[in-house]
Structures are given as structure tokens and as C-alpha cells.
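Just one chain is shown here, as C-alpha cells, and it is the form predicted alone.
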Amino acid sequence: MLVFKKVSDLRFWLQEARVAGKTIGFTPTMGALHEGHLGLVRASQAACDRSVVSIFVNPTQFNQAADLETYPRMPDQDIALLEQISCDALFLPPVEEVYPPGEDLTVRLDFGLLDQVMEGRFRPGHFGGMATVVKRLLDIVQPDRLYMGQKDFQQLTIVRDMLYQLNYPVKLVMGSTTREPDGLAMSSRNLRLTPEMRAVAPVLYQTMEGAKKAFPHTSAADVCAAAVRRLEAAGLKPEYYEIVDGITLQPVVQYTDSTFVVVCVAAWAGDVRLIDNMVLKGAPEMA
């Protein structure tokens, strides 16, 4: 596997591939890789001639400096994992390569209500920073296919809207959430859970499973209220628990209100913030 730290070197290698008629798949990550990330890379490898992964802990999408500082960084382990699955290339840039001094690369788009609800309420500015880095990385890699995970469903929805607004020539591919045997969604943040919080964190998944069974015949408000009570009883501190339309991210009231429905949750497990989601009805259509 080739490891690139400079934009110019990566672009030169990619251009050689394009000239040879090769298709390029791209998986952007912030490192601390796990099986969820590797599943996205495998999907890229199955569909594309060349697969590129980026590891970049993007400072512009963290609301708290402490969260940025404590975000797990383990490049040697990440490189070993990518080499095991024969990834073609890793882009591991310093901040100044992604954000050259003096250049304003900020993405300024109107996402309507997509970036105002759920995560947007609790992490102001997060999605602006996320959109900016995704657009910047896409401009660097210029892939044919972009691979992102379902676990960050709101992020995925906003990226899809950004690609539509910019008429960006890339196909967005959603990878399903990869879970531990007890249902907890794989996440880099799980490494920071205390043993006590790791033991109760799967309740997030259990409440969503319960929501999927109950929602066809119970109102969204009642389903969410019951789930919040269960999370609190387990020792978690939910920030939101919402059942929404999978395209607009606006709340739905009854099962028949939308053909594509997703339950989304964010909760604190001690000092670690976990998010998750589950499709309750229908299936997403990506860009």
C-alpha cells in the first residue's frame, strides 16, 4: 500500500490511474479504524480499480477542543489494518496540506433544515466543517465513487445534498452500520468507554430494535418517550431520540407518514457521546 502525505504526490499517482482508464473509490475517515471502515474499503475494492482511504482528524468539525485532543489517533495500527486488506493507497496529510494557509476553502451552502435538527442543535458549526473537509478531499481525490457509513446518517444526508447542489460527479455509496455482537455500533469513540459504560451502551441498539417492532402500531412520540426512559434507566443521558423522514430529517408522527423512516439517537455514556440510527421503514437512495 502506498502512503501519501502530500496532495501533489497523491494527485500524480491518481492521474496515472485515470489515464490508464482505472476507476477510483474513496473512503474518507478520521482514523482509529475498525471493521466498519474496512467494510467500506472492501466495497470500494469490489467496485473500483483503485481504492483510496484518507485519515484526517478534521479540526473544523469539533465543537470542543477537548474532544479534538482526545480523539483516538493510531496511525501505525490503521496502516497495518489497511495493508491486511490490500488497500491501494492511504492519504495521511498534515493539516496544512488539507487547509493551505491563506486559502479559504469553506463550503457555504444552504442545507435548509438538514443541518439544523438533531446533531445540528447540539453541535453548531459541525456540519459546515464536515462539508468543507469532504468537499476538499473530493477535490483532491476526484473519485468515481464515495463510500460513507450509515452510522453517521445525518452527515450522509447532508453530503448527498451537497453533491446535488454542486452537481458533483461522484456516486455516493452508503455502507450499512457494522455492529459488535451485542449490537453496539462500531465507532472510534468506543475506545474511550469505561468498562461500566461499555456494558450498558448496547441499550441504544436495543431501544431501536424495540422501536422497529412498536412503530407500525404506536405513535412516534410514544415510541421515543419509552426509549428515552429506558436509556435513562440504564444510566445513559440521551440528547435526542427522534423518528424522522429519511430524506428531509423532519419528524414523522405515524408509520404511514413517510415511505422512508429512520430512528436517530444521541446519548452520553459517561463522558463519551454516542450516536446511532436504524431504518424503520423503506430503503435509502443514494446519489
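None of the values given here were measured: they were computed from a predicted structure. Residue indices: 1-based, along the sequence shown.
Unshown form predicted together with a small molecule; subsequent notes refer to it.
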Subject >> Candidate from Ala47, Met30, Val228, Ile247 lying within 4.5 Å of the small molecule in the model of the complex - any heavy atom >> reply: Met30
Original post:
Since exactly one of Lys135, Lys151, Arg160, Arg198 fits, which has a heavy atom within 4.5 Å of the small molecule in the model of the complex?
Top reply: Lys151
Original post:
Does the trio Phe4, Arg42 and Ser86 actually contact the small molecule in the model of the complex, every residue with a heavy atom within 4.5 Å?
Top reply: no
Subject >> One stretch from 77-85, 169-177, 113-121, 95-103 that, in the model of the complex, holds residues within 4.5 Å of the small molecule by heavy atom >> reply: 169-177
Original post:
Any chance Gly36 has a heavy atom within 4.5 Å of the small molecule in the model of the complex?
Top reply: yes
Original post:
Taking heavy atoms only, is Tyr71 within 4.5 angstroms of the small molecule in the model of the complex?
Top reply: yes
**OP:** Indicate whether the small molecule has at least one heavy atom within 4.5 Å of a heavy atom of Met186 in the model of the complex.
**Re:** yes
**OP:** Indicate whether Gln206 is a 4.5 Å heavy atom neighbour of the small molecule in the model of the complex.
**Re:** no
